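To begin, one chain is listed below as structure tokens, in the form predicted alone.
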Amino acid sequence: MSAIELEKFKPIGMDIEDSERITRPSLTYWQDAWRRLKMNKLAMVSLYVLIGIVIMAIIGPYLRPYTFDEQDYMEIFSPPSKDHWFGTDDLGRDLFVRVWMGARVSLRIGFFAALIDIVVGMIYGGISGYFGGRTDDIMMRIVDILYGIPYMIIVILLMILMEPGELTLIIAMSITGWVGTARLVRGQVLQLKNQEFVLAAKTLGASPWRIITKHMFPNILGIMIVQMTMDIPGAIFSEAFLSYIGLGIKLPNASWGSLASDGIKQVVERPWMLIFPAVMISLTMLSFNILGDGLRDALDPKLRN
């Protein structure tokens, strides 16, 4: 082996300040989650699609010179054209305007039903999991009873007792919709309540309500955000199904489900009446599900690299 020639090597020196400089920028949990979400191209496309649908639900009805209930008997069953971009229905109403008015109704029902489910489920499940013992047994048996009540029976009863509409649908979906979230939150709280930070809070004299809201809920907030992205498309589909079978939004108001119900009757001769609301329902549900998968990966600290 030949000897090493020292003249070929040059000391590069060492800068103390450079050695102590942090090579990776400091990121908060949410900044890092957003960074990882942006790396998921499919989830970002879904996010942009949902943003586009929301924007169109706001401004779409104003892009055409028609109202959602304006009837024109000279334009009955007109196919898509420059005057009626999505065609017209059996009363000559512009389907482009009605689709985006229906988007407002469907998205509103889906968002508020999911929000109520998350809030009630987090509070109920958090209390049950934190206190445990007899309290947990009683509260979980109540959940089991509600879980066993057929969903359609509740909806039909509410439709009889209350006036059909958005509020009735949201209430019907929320009565039993939160039980799954409560079970999920209870399981997470059971894992967290024996952690050191909870013991430290108890030692400092924090009340159970403060421990649940200030220390436990922030640690399961990411899971709840993902759960909400799954609940919203479920609520939208439920509304569409109920409107399809005649238990949802009543005329002249429109939702994607009621429009699909009208379109299925004319699917052979006038397919555009079904295609546009069906595409919007499918696209929205698919986008929410893909975004939920992306958020689940982005909010999981175990996958941080």
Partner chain sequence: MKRGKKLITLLLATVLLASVAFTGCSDKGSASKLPTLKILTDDSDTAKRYAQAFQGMWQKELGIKVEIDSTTFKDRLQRTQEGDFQIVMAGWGPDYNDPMTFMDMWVTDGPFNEGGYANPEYDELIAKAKASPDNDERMDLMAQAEKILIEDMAIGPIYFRYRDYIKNPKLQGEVRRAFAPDPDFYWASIEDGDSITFNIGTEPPDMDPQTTTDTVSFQLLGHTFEGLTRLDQEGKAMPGMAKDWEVSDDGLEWTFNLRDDAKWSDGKPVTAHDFEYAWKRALDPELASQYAYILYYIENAEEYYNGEASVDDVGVEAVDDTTLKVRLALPAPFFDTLVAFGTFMPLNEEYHKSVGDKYASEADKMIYNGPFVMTTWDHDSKVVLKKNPDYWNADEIKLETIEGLMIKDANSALNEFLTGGLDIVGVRGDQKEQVKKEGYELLHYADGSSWYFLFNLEDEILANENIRKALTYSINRQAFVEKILQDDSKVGLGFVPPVMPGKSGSFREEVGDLFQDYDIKTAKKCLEKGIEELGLE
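Remember, it's a predicted structure, so these values are computed and weren't measured experimentally. Positions refer to the first chain, counted from 1.
Heads up, the form predicted together with its partner chain isn't pictured, but that's what we're talking about next.
Contact annotation: its partner chain lies within 4.5 Å of heavy atoms from the stretch 67 to 75 in the predicted complex, the single such stretch among 203 to 211, 80 to 88, 118 to 126, 67 to 75. Although the partner is absent here, residue 217 is not a contact residue: none of its heavy atoms lies within 4.5 angstroms of its partner chain in the predicted complex. Remark: residue 180 does not count among the residues lining its partner chain in the predicted complex, judged by a heavy atom distance of 4.5 Å or less. Contact check for residue 96: every heavy atom lies farther than 4.5 Å from its partner chain in the predicted complex.
Within this chain, residue 224 is remote from the site of its partner chain in the predicted complex, having no heavy atom within 4.5 Å. Although the partner is absent from the chain shown here, none of 184, 189 and 197 has a heavy atom within 4.5 Å of its partner chain in the predicted complex.
Within 4.5 angstroms of its partner chain in the predicted complex, the stretch 114 to 137 places no non-hydrogen atom at all.
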